[in-house]
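Shown here is one chain on its own, the form predicted alone, set out as structure tokens.
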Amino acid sequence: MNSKKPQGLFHLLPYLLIGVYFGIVFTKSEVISWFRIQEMFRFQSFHMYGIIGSAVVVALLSVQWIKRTNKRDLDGEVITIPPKEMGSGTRYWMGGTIFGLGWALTGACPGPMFALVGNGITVMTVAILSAVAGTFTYGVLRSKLPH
């Protein structure tokens, strides 16, 4: 049992500020632009591929840093990242295809959807609620699906 006293919501303020910062970065780099996303899916521009590639490199380095330095979470527990079990890989290409179709249809992936709402594109709340509903549905059906 954790003996730390509850800190209220104030200790989450840095994460809120980081989220606002990323929203500004997404807006200024045009990651939330429907036109940029369409260019990417039509292979007309390197812009989004460069941003995604940069994010993959940063994520790879960050995960390796977390693993090698035994970083801790907010509760002081060591962060553990279990190895992936690839299996046949079917779930990855199927999930990726569904994710990509949703991305192409809405013109936004999950992170930028919140930035779009913050920029006044309130219709994206429909996409966010749909993503939440899809995640909930998966949670309900997970035990019945092949893994």
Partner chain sequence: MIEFISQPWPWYVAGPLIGIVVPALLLLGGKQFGISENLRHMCAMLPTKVEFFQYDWKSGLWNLTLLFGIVIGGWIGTNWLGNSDPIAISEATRIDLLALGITDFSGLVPSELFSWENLSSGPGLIFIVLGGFLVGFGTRYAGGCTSGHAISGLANLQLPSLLAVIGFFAGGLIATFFLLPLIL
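The model shown is predicted, which means the values in this text are computed figures rather than measured ones. Basically, rigid core = biggest C-alpha set you can superpose within 1.5 Å across the two forms. Numbering follows the first chain given and starts at 1.
In what follows, reference is made to the form predicted in complex with its partner chain, a form of this protein that is not presented.
At least one heavy atom of residue 15 is located within 4.5 Å of its partner chain in the model of the complex.
Within 4.5 Å of any heavy atom of its partner chain in the model of the complex lies no heavy atom of residue 10. Although its partner chain is not shown here, in the model of the complex the stretch 13-32 places heavy atoms of 14, 15, 16, 18, 19, 20, 21, 22, 23, 24, 25, 26, 27, 28, 29, 30, 32 within 4.5 Å of it, in sequence order. The two forms, fitted on the rigid core, differ between the shown form and the other one by less than 2 Å at the CA of residue 43.
After superposition on the rigid core, the Cα of residue 70 moves by 2 Å or more between the shown form and the other one.
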